[in-house]
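In the form predicted on its own, a lone chain appears below as structure tokens.
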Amino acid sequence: MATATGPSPAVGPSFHTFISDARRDRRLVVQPRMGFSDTGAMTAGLRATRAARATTVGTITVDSYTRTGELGAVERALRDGVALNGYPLASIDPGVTRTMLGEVGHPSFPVQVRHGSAAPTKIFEALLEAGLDATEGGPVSYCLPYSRRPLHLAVAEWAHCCRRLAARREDGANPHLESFGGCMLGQLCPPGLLIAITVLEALFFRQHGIRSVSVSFAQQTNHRQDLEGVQALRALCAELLTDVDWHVVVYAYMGVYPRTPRGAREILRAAARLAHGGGAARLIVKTTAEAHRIPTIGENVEALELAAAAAADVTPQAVPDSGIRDEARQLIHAVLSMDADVGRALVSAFARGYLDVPYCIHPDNHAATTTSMDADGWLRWADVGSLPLTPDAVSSPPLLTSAGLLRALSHVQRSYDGA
């Protein structure tokens, strides 16, 4: 389907340049998760995103069959007129996608492909053939939560895809890759581990030729802890990503979402205040429909505009240091000391439990770590397993029981819905 390099990218600002220009003007860039299987609907969604009263970038989110490599199922759905839950990028003629992008003003209006695949080669080939050069994911963050694929295979394929994307630099482009590492199962994971994983994935991207990256942080269960986490992430990137372009992207809460429109709007406002107050450059929004169904174009635009308005009057907020940055730094350097190749180091780190995501059931994850949550939603370690952390990283509260786990998972929803 795709050629080795695809068409040369059109002239225009890179994804990172667009974000940097907005940040210099103190404008938070807001972005939807939008994806439709119909090209007309996808075009309308991108146009509406661009026209929103906010500084926006577009999103093409692929469908779940494409994410898992079930392209035969995609072909049957397209043949039978069955709607998919995203854009079937790898199955649509790349010329159709290029035409759609031209109609919405790409590249002066940057568009990113979002997918969720542990084996993304076909997706990378398709986006490159369509003239796109911004996407996201990672060898850990799109393997452990979403598949049972062996981690070493995911690392090898992601290395190949990074190199394919980086080859766009030969055409004068500055392709962009965003790590999902700060979001994976993040709603009950102390932020130090999430920060470490997203920084390590950014270092992995850099090692394979990518020079424009973003690192992620998911809104969690305590605003004060989240602010410290975002600021810690920025500080570590300033230390470790000195030779690449980088920015921080915040995700509106990834767990059980408020069910009431009032609660959903308020948690999005809090996410916007977190992003702009913590110094992040971009926010991935959620809508009032998240707890119920796939949102409409109008609901996505409403969320973009609400988030932009909430961020407009926020100023940077300094918070006391509780040790999140030092914890993340310990984990990062422990992993990097295992091997000069970041991919091999990541595989070794999970094999030895130096990285270990709580409540993650992937076969390559030890699942020996557990967490606790204070009454105010502050996340702490109850058991660090083999994580290379000092003993004071473990808190005194007991680990979560099954009933406590369920209650913790719904903490944010109940807090914002007033239940």
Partner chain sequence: MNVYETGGTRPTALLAGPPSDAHTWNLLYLQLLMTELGWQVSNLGPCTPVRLLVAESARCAPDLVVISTVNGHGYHEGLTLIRSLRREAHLRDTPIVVGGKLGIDGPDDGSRLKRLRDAGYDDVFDGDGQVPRFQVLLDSLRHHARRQASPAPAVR
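Numbering follows the first chain given and starts at 1. Computed from a predicted model, the values in this text were never measured in an experiment.
There is another form of the same protein, the form predicted together with the partner chain; it is not shown, and what comes next is about it.
- Proximity of 77, 146 and 291 to the partner chain in the predicted complex is complete: all three residues have a non-hydrogen atom within 4.5 angstroms.
- Partner contacts here mean any heavy atom within 4.5 Å of the partner chain in the predicted complex, and among 152-160, 277-285, 181-189, 131-139 they occur only in 181-189.
- Mapping the unseen interface onto this chain, residue 126 falls outside it, with no heavy atom inside 4.5 Å of the partner chain in the predicted complex.
- In the predicted complex, the partner chain sits within 4.5 Å of a heavy atom of residue 84.
- Looking at residue 38, you'd find every heavy atom of it more than 4.5 angstroms from the partner chain in the predicted complex.
- Although the partner is absent here, residue 383 lies well away from the partner chain in the predicted complex, with no heavy atom inside 4.5 Å.
- 73 is the sole member of 314, 73, 270, 338 with a non-hydrogen atom lying within 4.5 angstroms of the partner chain in the predicted complex.
- Heavy atoms closer than or equal to 4.5 Å to the partner chain in the predicted complex belong, across 53-73, to the residues 63, 64, 65, 68, 70, 73, ordered by sequence position.
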